[in-house]
Each structure stands twice: as structure tokens, then as C-alpha cells.
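Next up is one chain by itself, shown in C-alpha cells, the form predicted alone.
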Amino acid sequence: MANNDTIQKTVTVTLLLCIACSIVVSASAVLLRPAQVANKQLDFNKNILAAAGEYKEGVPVSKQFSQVDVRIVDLRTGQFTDEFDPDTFDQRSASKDPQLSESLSKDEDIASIKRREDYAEIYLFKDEQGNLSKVVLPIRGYGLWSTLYGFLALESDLQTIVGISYYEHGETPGLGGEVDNPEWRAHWPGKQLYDASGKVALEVIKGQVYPGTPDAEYKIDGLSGATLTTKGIDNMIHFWLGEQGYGEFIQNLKAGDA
């Protein structure tokens, strides 16, 4: 009788089992990828709606987002462009492509992103009459441990903040991770972005903003125990809403020249 307990047969069975498992795992990854991509996009769109204060529980995200006008902006000119299809444009990939982005100097790169893409995808909300009601702008910047990716929403005056939402980051739970906390996000609506000269005046400060705090309309509570994440958020606001980011586009949109 043949001996089934030889080392050769044990190794053979083990290898065959590993190969079979690898095939199953690989096949599952391929088959599930379309669903994963779709779910990621739904979460992305949900965060845009949440930043704008337009997300409604119980209503399909796809239905809600179908009302949003997605446009591409050339950040070099501050003008809308039709050079790319919003349905296929990948802003994150563009930020890494030397043909579609610009390297930032140390003085310019206050958000610690290294490169700024030449084109950005922005999201327009309109009222029943077709007039602009809100604008949502993608923002990103480095905190303590990670780059935070999110959205900042503005009222149609392009001065008053509607809300903020982060959809990806690796900050410390309970500290920098409190960017996800609805209580902290509730400090943003109604705050003002630019001063009378057009300079970004909004600050995310260390500590709290009290009713008697001077220029309280331009200040946001910092994240308790997360000084570097707080500073990172402040830096990304100043970068993206300033001349390196959407500053020229916002001025053009205000003037009706975008």
C-alpha cells in the first residue's frame, strides 16, 4: 500500500490548496471590484451632498446627486473648461501627473501637497429657478499623519460657509480624527471666508471660539489635543481658497466671468 504521509505528497497537497485559494481570492477581487468602485463613488457623492447640507436620509444618493452640476475648472485661469469630461476626470490622478499639475515651492506649499493640479472638479447646486445656490470645492492638505481629503461648501455669495466634510484621512481617532465629528463640523456653517480686502480671513484656531471673541465670524474651534491636524486644516483652507487654489475662480464667478 502506498504511503500517503510522505513529505512529497504533503507539499503537493499544500501547493495545490494554495493555488486553489489564490484563484478564488483573485476571482473574487475581480468580480467584486465594480461594486467596490460604485460604492466608493456613492460615498464620495454623499460627502459632497453632506458638505452642502443637502444629504437626505432614505433617498438614494444617486437620485440626490443627479441634481448637481459637475464642472471642470482650469485653476490657472479661474475659468470653466470643457477640455475634460467630468464623468471620467480623476483629479487625484491629475495632481500626480507632471503634464496636468505644477510643482509647488516650499513657500507656496503651505498645505504640504507637493503638486497642485491644473484642473479641479467643482460641484454647483442650483435653486428651482436655476440660479446658483451653493458651490462645493474639493480641498486637501496634510495633517499630523496623513493627507486629509474633503469638501468645503459655500453659499451663492461665495463668502459664507455652508459646511465641510472629509471623506478620507488617517488622523488619530478621538484627536485629529474628530474632523468626522458632527459637533465639530457644526461650527462651520455661517462663518465668513474673506475679509473686506478679499484676503482669506477664516482661521481654524487653537482653542475655542466664544461669542465675545473678536472677529468670531472668521474663526473656527480647533480640534482638542490635535494641534498639528488643526494647523493642517487651517493651512489647506488658506491654500485652496487663496490665489494658488480657487481664489481667481471665485472672483470670476462673483463677477459672472467664469
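Predicted model only: the values in this text are computed from it and were never measured. So that there is no doubt, residue numbering starts at 1 and follows the sequence shown.
A second form of this protein, the form predicted in complex with a small molecule, is not displayed here; the remarks below concern that form.
*Asks:* Indicate whether the candidate residues 101, 115 and 147 are all in contact with the small molecule in the predicted bound form, with contact defined as any heavy atom within 4.5 Å.
*Replies:* The answer is no: none of the three residues contacts the partner (heavy atom, 4.5 Å cut-off).
*Asks:* Using heavy atoms and a 4.5 Å limit, would one call residue 176 a contact residue for the small molecule in the predicted bound form?
*Replies:* Close contact exists here: in the predicted bound form, residue 176 approaches the small molecule to within 4.5 Å, heavy atoms only.
*Asks:* Would residue 172 show up as a contact with the small molecule in the predicted bound form if we use heavy atoms at 4.5 Å?
*Replies:* The answer is yes: residue 172 has a heavy atom within 4.5 Å of the small molecule.
*Asks:* Does residue 227 reach the small molecule in the predicted bound form if we count a contact as any heavy atom within 4.5 Å?
*Replies:* Yes, residue 227 sits close enough to the small molecule in the predicted bound form that at least one of its heavy atoms falls within 4.5 Å.
*Asks:* Check whether residue 206 has any heavy atom within 4.5 Å of a heavy atom of the small molecule in the predicted bound form, and answer yes or no.
*Replies:* The answer is yes: residue 206 has a heavy atom within 4.5 Å of the small molecule.
*Asks:* Picking from 133-141, 116-124, 164-172, 183-191, which part of the chain touches the small molecule in the predicted bound form when contact means heavy atoms within 4.5 Å?
*Replies:* Checking each option against the 4.5 Å cut-off leaves 164-172.
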